[in-house]
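Coming up is one lone chain in structure tokens, specifically the form predicted alone.
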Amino acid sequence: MRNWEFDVVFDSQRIFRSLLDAMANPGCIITLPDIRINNPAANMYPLLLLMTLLDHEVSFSVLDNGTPVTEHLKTNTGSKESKLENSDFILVYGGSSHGLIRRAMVGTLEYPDESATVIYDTDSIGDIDGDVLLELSGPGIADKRRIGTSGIEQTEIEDVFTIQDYPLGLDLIFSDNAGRIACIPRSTTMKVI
């Protein structure tokens, strides 16, 4: 285990490689490197992801965890907080945005890449006995893949469904307390089973 200080170059590269692997293999569970930081949240892994992804050119929004996390991200990334509908990255705590996710940027047909990436802080991922069981298909998946998650409400996933219309939609990252992540790019077809 290393020091409690985040190394912007070395640690960001390690986390980014894990994130790329997870995005290229939708629904596969990837364990993030063991990097410890002093953080204002119970689960440091969503913050590690955002400390890797954020910089002065993008904006973010934090739902349901208040000022300490927002201030930590602004101070440590140079990124700016924004309204949800203008945010490039959105961090959702507590399993639900309470319908607010429907206001997130989904891109346009001319610029579908101008959609938001949403990070959900979940209790656990991978367990097929979780609160929500998803079946995934599409690029990066040979046939179908199932992934379960605990700590996210089914209504939240249903809200995401209402705004997904490839190439428009949201890129999703589920992060749990054990440092595991699973990504669901907007090009992936998903359904609750």
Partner chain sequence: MTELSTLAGTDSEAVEGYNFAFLDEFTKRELRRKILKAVAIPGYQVPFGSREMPLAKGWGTGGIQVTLSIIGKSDVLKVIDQGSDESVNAVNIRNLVSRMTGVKTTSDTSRATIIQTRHRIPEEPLTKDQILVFQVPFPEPLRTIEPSEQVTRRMHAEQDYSGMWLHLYEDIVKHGKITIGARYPCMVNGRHLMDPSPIPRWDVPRLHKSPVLHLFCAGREKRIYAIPPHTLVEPLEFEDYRFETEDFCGKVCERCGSSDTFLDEIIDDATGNPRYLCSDTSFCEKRQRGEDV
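All of these numbers come straight from a predicted model, not from anything done at the bench. Positions refer to the first chain, counted from 1.
Same protein, other form: the form predicted in complex with its partner chain, not shown, and the subject of what follows.
A.B. asks: Just give me the single entry in Asp129, Asp34, Glu57, Glu158 that has a non-hydrogen atom within 4.5 angstroms of its partner chain in the predicted bound form.
C.D. replies: Only one listed residue qualifies here, and that residue is Glu57.
A.B. asks: Just checking whether Ser97 would be counted as a contact of its partner chain in the predicted bound form - the rule being heavy atoms within 4.5 angstroms.
C.D. replies: Ser97 lies outside the contact set for its partner chain.
A.B. asks: My question is simply whether Ile193 lines the interface with its partner chain in the predicted bound form - judged by any non-hydrogen atom within 4.5 Å.
C.D. replies: Contact check for Ile193: no, nothing within 4.5 Å of its partner chain in the predicted bound form.
A.B. asks: Is Asp113 near its partner chain? Define near as a heavy atom within 4.5 Å, in the predicted bound form.
C.D. replies: Contact check for Asp113: yes, within 4.5 Å of its partner chain in the predicted bound form.
A.B. asks: Please determine whether Thr52 contacts its partner chain in the predicted bound form, using a 4.5 Å cut-off between heavy atoms.
C.D. replies: Heavy-atom contact with its partner chain at 4.5 Å: present for Thr52.
A.B. asks: Given that the partner is absent here, state which listed stretch (163 to 171, 148 to 156, 34 to 42, 121 to 129) has heavy atoms within 4.5 Å of its partner chain in the predicted bound form.
C.D. replies: In short, 163 to 171.
A.B. asks: Taking only heavy atoms into account, state which residues of 106 to 144 are within 4.5 Å of its partner chain in the predicted bound form, ordered by sequence.
C.D. replies: The stretch touches the partner through Leu109, Glu110, Tyr111, Pro112, Asp113, Ser115, Ala116, Thr117, Gly138, Pro139, Gly140, Ile141, Ala142.
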